[in-house]
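Just one chain is shown here, as structure tokens, and it is the form predicted alone.
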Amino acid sequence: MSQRQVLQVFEQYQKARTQFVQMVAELATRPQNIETLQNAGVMSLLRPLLLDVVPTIQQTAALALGRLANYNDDLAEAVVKGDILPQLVYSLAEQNRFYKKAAAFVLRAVGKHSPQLAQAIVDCGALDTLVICLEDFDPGVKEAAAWALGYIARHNAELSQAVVDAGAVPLLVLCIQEPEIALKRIAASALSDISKHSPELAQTVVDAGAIAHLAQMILNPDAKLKRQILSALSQIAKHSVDLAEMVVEAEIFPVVLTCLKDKDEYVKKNASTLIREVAKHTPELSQLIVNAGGVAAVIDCIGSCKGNIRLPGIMMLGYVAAHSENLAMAVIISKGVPQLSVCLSEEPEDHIKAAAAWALGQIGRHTPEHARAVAVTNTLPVLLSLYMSTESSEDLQVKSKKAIKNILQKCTYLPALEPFLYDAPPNILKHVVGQFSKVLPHDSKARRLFVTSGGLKKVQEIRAEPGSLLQEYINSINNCYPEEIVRYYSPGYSDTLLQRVDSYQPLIK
């Protein structure tokens, strides 16, 4: 065989290898091909090609493996069991930027599925190499490495700590300062994933100077970047008062309120989440948000969107109102109650209804004035029907019941209470009758109205245990009226009168 023929054989072999990895990489982009590729044993065929002498074959083999591993956890598991990870980690440090991006993609695709698979990546020593890639001159390599690190960190605190211990955080903070938008997004997302697990991990991100750089980008025109920035700040602020105050000190107010009007629904949601995470901690932080116009802005935002996008805003109003009478009144003045009532009535999802019920309960529980502001929106009957409905989730029933009790115990607005005399179950009825027993002794107009509307008659029909709290309330109400009036509206009184008619002997002259 001549030298020329030998060269031709090698050329054909290289061409065949190139065609094979390119075809597999292409086929792996379509879900319908995945099972066939898996059954054909494609993993074991790709593994030796990661060591190929031709760089493009190495890169394409890694890309194909990444696409397969990305598809499901079985294929990701096959990458781990096939002993492919050590080879990827070794090559990650040695090869060119194209291979580094492909190898980091495989690590990300494997690590995203479960903590166990992410731990396998940690165990093969990938973190140190990925952190080195964060210092690469090529933004694409940095991005691929940041993505892989974020996917590992998001699973739990232990994996997140491993990423921190490898020295990733300061380099991720440098990455959010790079000019490339895609790199900023992924670095901010990774910082968010690290911060979310514990105050200690969030503090590590803060100590690296992340807050100031994140806060500066809140008004960046790129919606996807804004989502990640707001998410990262939320994950830091949620853990403690101190961390929330550090976020606020970066002057995020009133700047963050502009995000509540963003065209992107998830920017709105993440902005509401950030404001919620700050508001929940203390009355002082909530007051700061009120002073910045945050309550009115969140109420407008709730009115402009639907579904889960509304949820953090609804909860934020509840947290603000829970802190004090004055803060609850700020929610009322900003017309938060009608908006929450709309959410309670029109949202199809029980968990959103439950949040709205909880928030309304937090507003109405302070004083009669607060309770009246909720009652006049006709919210109480809606809460009662949700509590009574067998179709409501357990959480919605619990939240509705608690809200009803919170509002009823302060409500002195009798027109809103009276329907409950007819519809409420005994455990709610007790609170309704209790409120009438507090108001009627001091209001002659209300006493008269209570008779003419049929309320007094209904109270006489209630069966209460002798000596119970409910019986005491009924006695208090009855003591507001002359004895003959009470007797007149008592059940069976008309029969007694008829008996007296029957037994009455008229005087015949």
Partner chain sequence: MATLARLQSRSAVIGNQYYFRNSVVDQFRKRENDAAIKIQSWFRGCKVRAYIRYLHKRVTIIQKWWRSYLGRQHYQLMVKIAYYTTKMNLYNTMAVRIQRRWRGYRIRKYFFNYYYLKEYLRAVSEANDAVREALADFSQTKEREEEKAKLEEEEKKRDYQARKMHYLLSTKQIPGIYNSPFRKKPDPWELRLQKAKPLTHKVPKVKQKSAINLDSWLACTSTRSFPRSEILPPINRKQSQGPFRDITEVLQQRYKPLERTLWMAEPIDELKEAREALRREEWVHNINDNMFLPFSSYHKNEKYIPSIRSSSKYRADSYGHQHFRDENPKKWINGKGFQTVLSSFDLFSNYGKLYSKAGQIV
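Residue numbers count along the first chain shown, from 1. Keep in mind it's a predicted model, so treat the numbers as computed, not measured.
The discussion below concerns the form predicted in complex with the partner chain, not included here.
Between 110 to 118, 392 to 400, 259 to 267, 428 to 436, the stretch whose residues reach within 4.5 angstroms of the partner chain in the predicted complex through a non-hydrogen atom is 259 to 267. If you check the partner chain in the predicted complex, you find a heavy atom from every one of Q14, Q287 and M329 within 4.5 Å.
Among heavy atoms of I333, some come within 4.5 Å of the partner chain in the predicted complex. Residue contact check for F105: one or more of its heavy atoms lie within 4.5 Å of the partner chain in the predicted complex.
Shown alone here, W147 lies within 4.5 Å of the partner chain in the predicted complex, counting heavy atoms only. A residue is said to contact a partner when one of its heavy atoms sits within 4.5 Å of a partner heavy atom; R365 fails this definition for the partner chain in the predicted complex, lying far away. The contact residue chosen from V79, I299, V173, A424 relative to the partner chain in the predicted complex is I299, the criterion being a non-hydrogen atom within 4.5 angstroms.
Taking Y413, F98, Y71, Y90 one by one, only a single residue has any non-hydrogen atom within 4.5 Å of the partner chain in the predicted complex, and it is F98. Taking the partner chain as it sits in the predicted complex, the stretch 62 to 92 comes within 4.5 angstroms of it through a non-hydrogen atom at L63, R67.
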